[in-house]
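Here we start with a single chain on its own, the form predicted on its own, put down as structure tokens.
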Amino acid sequence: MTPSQFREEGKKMIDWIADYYEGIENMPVLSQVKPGEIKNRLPGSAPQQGETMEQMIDDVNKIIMPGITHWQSPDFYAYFPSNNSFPSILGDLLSSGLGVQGMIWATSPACTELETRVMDWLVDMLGLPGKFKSTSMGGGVIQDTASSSALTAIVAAREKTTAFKSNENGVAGKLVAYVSTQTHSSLEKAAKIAGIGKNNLRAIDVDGNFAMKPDALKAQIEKDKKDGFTPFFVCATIGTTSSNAVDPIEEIGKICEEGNYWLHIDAAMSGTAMLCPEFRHHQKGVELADSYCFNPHKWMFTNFDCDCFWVADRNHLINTFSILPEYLKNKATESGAVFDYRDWHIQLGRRFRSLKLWFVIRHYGVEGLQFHVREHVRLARDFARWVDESTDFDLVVEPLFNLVCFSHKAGDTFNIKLMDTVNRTGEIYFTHTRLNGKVVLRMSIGQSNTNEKHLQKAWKLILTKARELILRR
């Protein structure tokens, strides 16, 4: 494909994407295909001769699109938002066009230095402590997901505790890590990968708001120490997946500070709310954290993937992950005057992710981002009020941010049936969880173009289908 052909086809693709967003509300949110249906419509072997873009786009429309669940639909309320924006798409397009492999500073200085600057901006934008800035002992790096940040943090904590001996000799000793019963499953995976083991990951009880109990954490740590274990890592969450619960960061942080345990804060979705000063009391004590992450690709209008991860002392990352083969040696690295971000995480290769983040921040500005976050929180509180005023539904948790947890009074089986019935209409898509052993319906409100009209439609649909199901019983 020549540059002139690319120019022509690229314009068509931009038009296709714009048309997609203009018509997205007319598509069933949840894909209606059956398992294997897409694969069976695709040929069993690759084409021997090249095909035209027209043929490819025709197959996208006929074969691929029926199998898409539309995460960017304003009627998408499932799991968590993965919201997008046109500035982010354009930034990502530019990144793809440049094709940078930003593993070290020398392979594209702009890739590294823009990332450093944007990550420093975000420290101020989110009200995070200055120790996370590059101008201090800490700094920030863009990961793919919060799962990778959790793994990075737990491995760095492991090496800090073992004086970097585990990297040399393998994991020895009885290291134990701590999460709550509501912590994301990625922490369990990280414990397995890091050689800590699932059985050495302690799940601490939560209170009535589903937040970790500091007293229970402290008691478990004391018991483990008496039993000959070595506590080394605690993960606290700002906005758990199931209920949006916020762990008491300050109390947990003091326990970690006293015992010299690594404190990692996972704020994957709800960290975006910290753009607004009125929500920052939820992160009181964040200055005690050794590491912190949140995902702009969930609620900050930046397309997947983009996770922002900070540490208070970058030397823990560099000493844990740095390996310098001959082919990566260069004068800039040897000078110590630059960051080589490949030393700050698991992978060597790095995409130019900061471009799309830079585009988003500059397009919206801090005030624009704050406006949209506040609007989503307002919508969530409106929905919670409608639930509270209903005679058929219960509000399970008072929403702190953009997630509403509720349930029909008819019980677990009915709630699952109601959810499936509503989702099959294709008009909206929402999901469920279990809290205290009971099925709870979740409305995660954070898509870029969701407004009150969409939410009113969703609530009316849920009420209508609930009444229909009751009449059939």
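Fair warning: this is a prediction, and the values are worked out from it, not measured in the lab. One rule holds for the numbers: they count along the sequence shown, beginning at 1.
Just so you know, the form predicted together with a further copy of the same chain exists too; it's not on screen, but the next bit is about it.
Novice: Report the residue, out of F352, Y261, Y178, Y77, that has at least one non-hydrogen atom within 4.5 angstroms of a further copy of the same chain in the model of the complex.
Specialist: It is F352.
Novice: Could you tell me which of 220-228, 207-215, 363-371, 383-391 sits within 4.5 Å of a further copy of the same chain in the model of the complex, going by non-hydrogen atoms?
Specialist: Within 4.5 Å of the partner lies stretch 363-371.
Novice: Is R473 part of the interface with a further copy of the same chain in the model of the complex - any heavy atom within 4.5 Å?
Specialist: So R473 does not count as contacting a further copy of the same chain.
Novice: Using heavy atoms and a 4.5 Å limit, would one call V286 a contact residue for a further copy of the same chain in the model of the complex?
Specialist: No.
Novice: Looking in the model of the complex, any heavy atom of Q347 within 4.5 Å of a further copy of the same chain?
Specialist: Yes, contact at 4.5 Å.
Novice: Whether I57 contacts a further copy of the same chain in the model of the complex should be assessed with a 4.5 Å heavy atom distance threshold; does it?
Specialist: Yes, I57 lies within 4.5 Å of a further copy of the same chain in the model of the complex.
Novice: For the three residues G130, P277 and T425, which mark the spot I'm curious about, does each lie within 4.5 Å of a further copy of the same chain in the model of the complex through at least one heavy atom?
Specialist: The answer is no: none of the three residues contacts the partner (heavy atom, 4.5 Å cut-off).
Novice: Using a 4.5 Å cut-off on heavy atoms, what residues in 401-420 are near a further copy of the same chain in the model of the complex?
Specialist: Residue within 4.5 Å: D420, and no other.
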